[in-house]
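In the block that follows, a single chain appears as structure tokens, in the form predicted on its own.
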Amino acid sequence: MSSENAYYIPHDAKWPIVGSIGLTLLLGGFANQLNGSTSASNVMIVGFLILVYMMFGWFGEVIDESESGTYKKVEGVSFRMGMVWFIFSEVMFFAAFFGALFYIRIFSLPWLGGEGSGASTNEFLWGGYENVWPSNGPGEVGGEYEKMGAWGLPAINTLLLLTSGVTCTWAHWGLVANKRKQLIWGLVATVVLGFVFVGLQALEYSHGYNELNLTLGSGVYGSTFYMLTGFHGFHVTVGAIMLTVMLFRSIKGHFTPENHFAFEAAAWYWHFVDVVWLGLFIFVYWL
């Protein structure tokens, strides 16, 4: 057990090795699937199920330890530092993709279009190519396509996600004020808005692939569009699942105004997702 001055260290923890086995099977199966293996999909399914089992078991133990009073201030500081560094790593993850988009638009395409030191390249290699955005490159990779407009589903999704940030904060205020109903209904609204966002993004992708011929193969525009928005959609899904768990825990009576870091961690993650989406809407859809 932990005390105010002693850090709690769990003993005989099996979950890290279980998670490692599941992750190895999942990624190994995926790699073999790409190489045409007929049994790889089954290996992936087994690995995924093991990961799900690990998450339920490990997170369940952490919840039990938290609710039993095992964690004190020193563990709380550690948890906060861990979440801060995790979100920082996510910031760097998206920074790499935003950086690629920036490099393509500010340096690569102007150079290929004949600006600056790219004059000879344009003259001898890509004669007639003009620097425009969006672009599938000088070779017109993927053929004809249409740009995804900013003021349809993307604008609606922006409103939904920003509203979800407000409802999440409202739920947090309810928790701090010990207003359980406000906490629960704020979380319900946030979770619903999050999953509606994911559903509308799936509809947008269907429209892009089937009607605009906008695919991952549509040159640099298609690849950066789907990599940025796709990974963001994955993060929204993860965040919505996290908040769903917080909702179920809130209904069960977990969390107090003084002890609710799990909720705070999920809320931090959700607000991070909001901020990333604003960058996506501006630099991927609008400009």
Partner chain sequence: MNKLKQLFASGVALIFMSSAAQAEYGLNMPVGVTETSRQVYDLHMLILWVCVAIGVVVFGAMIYSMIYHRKSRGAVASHFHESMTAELVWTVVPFIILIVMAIPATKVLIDMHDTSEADMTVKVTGYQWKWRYEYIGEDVSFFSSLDAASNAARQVGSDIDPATVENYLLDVDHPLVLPVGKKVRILLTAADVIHAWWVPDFGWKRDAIPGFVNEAWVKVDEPGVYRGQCAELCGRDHGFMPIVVVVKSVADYEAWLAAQKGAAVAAKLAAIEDLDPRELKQKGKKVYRANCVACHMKKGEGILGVFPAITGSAVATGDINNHINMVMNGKAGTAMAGFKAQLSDVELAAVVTYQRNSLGNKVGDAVQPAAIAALR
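Computed from a predicted structure; not experimentally measured. Numbering follows the first chain given and starts at 1.
Omitted here: the form predicted in complex with the partner chain. The next part is about that form.
Using a 4.5 angstroms heavy atom cutoff to the partner chain in the predicted bound form, all of 108, 112 and 121 count as contacting. Residue-level contacts in the predicted bound form: of 159, 166, 125, 176, one residue has a heavy atom within 4.5 Å of the partner chain, and it is 125. Across the options 200-208, 167-175, 185-193, 125-133, residues that bring heavy atoms within 4.5 Å of the partner chain in the predicted bound form belong to 125-133.
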